[in-house]
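Consider the single chain below, provided in structure tokens and representing the form predicted on its own.
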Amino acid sequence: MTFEHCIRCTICVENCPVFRVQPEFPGPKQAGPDAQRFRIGREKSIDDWVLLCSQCKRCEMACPCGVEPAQIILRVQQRYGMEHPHSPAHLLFANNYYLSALGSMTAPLANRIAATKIGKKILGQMGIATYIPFPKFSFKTLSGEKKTRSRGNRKVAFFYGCFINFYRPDIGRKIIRMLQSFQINVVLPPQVCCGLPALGNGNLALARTFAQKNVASLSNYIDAGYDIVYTCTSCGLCLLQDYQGILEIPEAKKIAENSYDLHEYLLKLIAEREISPVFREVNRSLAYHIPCHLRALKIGYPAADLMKRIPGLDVAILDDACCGLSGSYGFKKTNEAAACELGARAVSLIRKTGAEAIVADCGSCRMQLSGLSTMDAFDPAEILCESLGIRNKK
């Protein structure tokens, strides 16, 4: 749907978390379809407030007419990025893949510096917010994991994403062992960043370069009979929507048709009676925060459906609040106040459940909510693995 289909009902504005807390942002209706009516191709984009959109996609989920305000704004953000100098923070986060690789190679030193007052001061001078702790780099990445195989007819190519690769490879290893426990062949295909950080920070060319490399690699595995499984909801949204949409990558349709969220994939195999997991009792009380990008995938809440099968597990589902971090969005000083206010609201709702810990599919959500609440935050796969008795080798 194009911007002309907008009926100006303002439902998107009512569902925009940034509009609630950032007075300088006019909302997705005005920043998207309304402003689009007046944008002329040859004129420079001077609407700097378009950068205040966090790309949470809640406006698109709410629109009754199928208009995509976030997609309109994203295209204007790219145009703005090409016409104006990038801030140091935008440059750094657009190149997050390379910086994370460097941070991982120098993990002990990088982690120590990032935690010091001097390190935080330097980051602050570059426009980077430090109100929550940075995730710690892992010296041993998942991409360096030894290639192993299991006997079985199902074949999975695991798109693990930057967060698991550089920061939490332990989660990735558990996911691999869980899939292998169901007699699924798991491979780690050659891959780079999905491209979303570059896209979200105005570097369309770099995002397209990443996407082209991933599509070329993943296409080969699909042709060889592999299903693509991702665990990061933001990576999944980029693979399924942005590769075909704003990045216009040939063969991206094939990737979208053969890619599954990890928990969606497990439910599919259960429904097809290919696997029959036996879940053991887990006595925990959890608050399950639904990431905005999981909602945007329109696949329901598959991790919640799986956790409901675990005896003794008490899970409260919270799908009405954005955590506020939105990847690199909340790590910029210019967005710090909005990110903190949105995060505080989400934490308040979590505390009301009386839960002992948080669970969320998105690594960014877990960083934000754990940092603001000081509560433990888990990936749903960690809870499933705990119930299934899957542990990492020491």
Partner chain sequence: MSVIEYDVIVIGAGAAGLTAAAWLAEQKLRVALVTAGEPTACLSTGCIDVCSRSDQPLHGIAGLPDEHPFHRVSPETLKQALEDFRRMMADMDMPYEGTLEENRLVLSAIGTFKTTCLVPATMHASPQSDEEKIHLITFTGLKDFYPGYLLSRLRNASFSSYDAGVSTTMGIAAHFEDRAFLETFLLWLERQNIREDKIAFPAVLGLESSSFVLNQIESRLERPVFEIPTLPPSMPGRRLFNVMKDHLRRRGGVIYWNWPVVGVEKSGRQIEAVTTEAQGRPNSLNARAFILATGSFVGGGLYANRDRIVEKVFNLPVFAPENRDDWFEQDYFSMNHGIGQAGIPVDEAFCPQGSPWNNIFVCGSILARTETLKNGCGHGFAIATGRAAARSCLERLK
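Note that the coordinates shown come from a computational prediction; the quantities given were computed from them, not determined experimentally. Residue numbers count along the first chain shown, from 1.
In what follows, reference is made to the form predicted together with its partner chain, a form of this protein that is not presented.
Enquirer: Name the single residue among L240, I249, V76, A198 that comes within 4.5 Å of its partner chain in the predicted complex, judging by heavy atoms.
Expert: Of L240, I249, V76, A198, the residue with a heavy atom within 4.5 Å of its partner chain in the predicted complex is L240.
Enquirer: Among the candidate residues M61, A337, A344, A357, which is the single one with a non-hydrogen atom no more than 4.5 Å from its partner chain in the predicted complex?
Expert: After the contact test, the surviving option is M61.
Enquirer: So which of 275 to 283, 301 to 309, 159 to 167, 205 to 213 is the stretch with heavy atoms within 4.5 Å of its partner chain in the predicted complex?
Expert: Flagged stretch: 301 to 309.
Enquirer: Is it true that C9, E14 and A256 each have at least one non-hydrogen atom within 4.5 Å of its partner chain in the predicted complex?
Expert: Each of the three qualifies.
Enquirer: Would you classify A271 as touching its partner chain in the predicted complex, given a 4.5 Å non-hydrogen atom cut-off?
Expert: Contact with its partner chain, yes.
Enquirer: Taking any heavy atom pair closer than or equal to 4.5 Å as contact, tell me whether S143 reaches its partner chain in the predicted complex.
Expert: It does not: once its partner chain is placed as it appears in the predicted complex, S143 has no heavy atom within 4.5 Å of it.
Enquirer: Determine whether any heavy atom of E264 comes within 4.5 Å of a heavy atom of its partner chain in the predicted complex, and answer yes or no.
Expert: Judged by the heavy-atom cut-off of 4.5 Å, E264 is in contact with its partner chain in the predicted complex.
Enquirer: At the 4.5 Å heavy atom threshold, is K174 in contact with its partner chain in the predicted complex?
Expert: K174 lies outside the contact set for its partner chain.
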